[in-house]
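One chain is shown next in structure tokens, namely the form predicted on its own.
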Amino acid sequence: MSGAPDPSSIVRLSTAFWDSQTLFTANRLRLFDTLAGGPRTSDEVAAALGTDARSTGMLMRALVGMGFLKTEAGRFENTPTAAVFLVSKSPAFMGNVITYSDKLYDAWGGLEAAVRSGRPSLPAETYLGDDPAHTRAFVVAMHERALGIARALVSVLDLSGRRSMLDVGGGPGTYSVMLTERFPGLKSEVLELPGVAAVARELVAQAGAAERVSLRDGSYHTADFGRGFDVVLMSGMFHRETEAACRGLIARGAAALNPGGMLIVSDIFADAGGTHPPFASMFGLNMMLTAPDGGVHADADVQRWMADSGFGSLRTAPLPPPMPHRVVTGVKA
């Protein structure tokens, strides 16, 4: 009957974790690296990985179905997508980003408990400084993720003629590195927690940007932002904060800016109502699981908060697909 309810989406979602765990496992094993040199049989891959031959073959056939491997005459090889994004020696390797999602798997298993209690199932301290190994993995993953976002952010911003930027909660410093490279004469100071900043200093130095980008230890909740900046960047922060905290950050950003200075707020934002786009509402759940005040805000609300702090020339722009992010900018009167 036309228009009858269709349960296919329910069936698909009830097994969606099968796909995730298949990718996570292959990434953990570095299976795609074993095929970087060319086609091999599943037995050869199993021997290289030290895994069970039969089980490895089943895993690899599943990866064929998912589009990450292809097979011919009993030999397997990486598809172009896997070769570019899943082989560790590739410049576009996303394995650390996948590992970060892998580590969230158990946290998502605690969704019911989080909904009942209102408390995150993964303490933020484990990846923001208390555990050095987890912090390093988190910062490197955010760096790989930020590389793509930063390229997109550069394409929608014009910072020509601006000389000083404060990158609040700038994580690995990736945005500062790319923005100061794109706009000659611009220098940036990244304010970040000590454990995160220690890893960020290494990444900035590796990028050859230490003369343009400096790191300052401190929490953006309590540290003095300083004064005299032409640009204040707040990227990927608001999804950890309440409305009151976001308003406070905007007001402190305004105080740190020179007249005519620009505030840039970049994040995953929802439409009014918070239900769309679907990725944004799901991202809000992810943040609820990993931060005490985690969630997702609407970009229209951020514009209103900025207007309340005296910003004009307000503008919201989506980053180019497939990025789910939006950027809100305003100019201090």
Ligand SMILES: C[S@@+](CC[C@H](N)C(=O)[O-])C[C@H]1O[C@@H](n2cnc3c(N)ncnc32)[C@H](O)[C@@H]1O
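Keep in mind that what you see is a predicted model, and the values were worked out from it rather than measured. Heads up: residue numbers just count along the shown sequence, starting at 1.
Just so it is clear, the following notes concern the form predicted in complex with this ligand, a form of the same protein that is not shown.
> Does the trio 146, 221 and 240 actually contact this ligand in the predicted complex, every residue with a heavy atom within 4.5 Å?
Judged in the predicted complex, 146, 221 and 240 all sit within 4.5 Å of this ligand.
> Looking at 156, 159, 207, 193, which has any heavy atom no more than 4.5 Å from this ligand in the predicted complex?
It is 193 that has a heavy atom within 4.5 Å of the partner.
> Just give me the single entry in 256, 215, 142, 203 that has a non-hydrogen atom within 4.5 angstroms of this ligand in the predicted complex.
None of the other options qualify; the answer is 142.
> Looking at 114-122, 257-265, 78-86, 162-170, which lies within 4.5 angstroms of this ligand in the predicted complex, counting heavy atoms?
Only one stretch passes the 4.5 Å heavy-atom test: 162-170.
> Considering non-hydrogen atoms and a 4.5 Å limit, does this ligand approach residue 235 in the predicted complex?
Residue 235: contacts this ligand in the predicted complex.
> Are any of the heavy atoms in residue 229 no more than 4.5 Å from a heavy atom of this ligand in the predicted complex?
Residue 229: no, not in contact with this ligand in the predicted complex.
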